[in-house]
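In structure tokens, one chain follows: the form predicted on its own.
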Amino acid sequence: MVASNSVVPRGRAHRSTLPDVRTLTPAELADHTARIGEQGYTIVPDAIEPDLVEEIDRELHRLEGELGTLPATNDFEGSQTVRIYNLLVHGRPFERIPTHPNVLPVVESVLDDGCLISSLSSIAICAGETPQPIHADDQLMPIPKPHPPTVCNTMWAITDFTEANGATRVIPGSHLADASPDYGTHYDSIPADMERGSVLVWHGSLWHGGGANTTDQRRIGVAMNYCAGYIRQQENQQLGIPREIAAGFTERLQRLCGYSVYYGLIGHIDKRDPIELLRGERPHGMVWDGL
């Protein structure tokens, strides 16, 4: 594994307001892709529009009250951590997350453009939370390591992420290990500090975990997770999202949810692309038709 004492800074000095957001250049995209290949993760600073960050923050606060969401009772989800799952059923602001132009291209460069939404949830680490056990997001997949990426996940910073408030902890280079970590074992790691509006993107084999929150403030993030088009999604998007809601999504979002066929074969319904059934379109050909 590659050892390091601190996360390479990719932002600027702390400031009180969020800057305007610009789209990643091809050179920046290539740089982030290379970092993921070498270190297993990258941080995209100032990736998200300030108005979207603020709207997500407000909506999460509203949802927590409406849903009566409480912390779990296990050490993985956290006894002082509030999580809201299946966010795509809860309104337009969350629909902007999976297809964001400063994040999705980075994910597609790790997987490909046939990738799928694996899950979309919020994670609010509250005061007094202890460190989450170090793990890999592809740890339950029974395939030898290291292997090509099957999972690529992202964490959106809705608040600043610091070592004190529970920033995600990472072990650089661990995505190249020949095994997953032993759950519950201590491993030396470093905090992925980042400012509000930034996004952490990592290879699914990277060893990582949520940090401890020793402050009196919440660390709020959105976990926007993706998987390759041939991998089963962590959350069942087709059953979890009512069809009438999915029908109102953009086509790119619909395909990310699984209304798609990977390489003209995986995911078809009686030789039809699922999006045709959702949108009432005419049939497209399957892979066999091109042979």
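Heads up: residue numbers just count along the shown sequence, starting at 1. Note that the structure is a prediction, hence the values are computed from the model and not measured.
Absent from the display: the form predicted together with a small molecule. The rest refers to it.
Only one of 168, 118, 165, 174 comes within 4.5 Å of the small molecule in the predicted complex through a heavy atom, and that residue is 168.
Checking 210, 197, 98, 149 against the small molecule in the predicted complex, a heavy atom within 4.5 Å turns up for just one residue: 210. For the small molecule in the predicted complex, the listed stretch (87 to 95, 135 to 143, 181 to 189, 102 to 110) containing residues with heavy atoms inside 4.5 Å is 135 to 143. Looking at residue 157, you'd find every heavy atom of it more than 4.5 angstroms from the small molecule in the predicted complex.
Using a 4.5 angstroms threshold between heavy atoms, residue 123 counts as touching the small molecule in the predicted complex. At the 4.5 Å threshold, heavy atoms of residue 219 reach the small molecule in the predicted complex.
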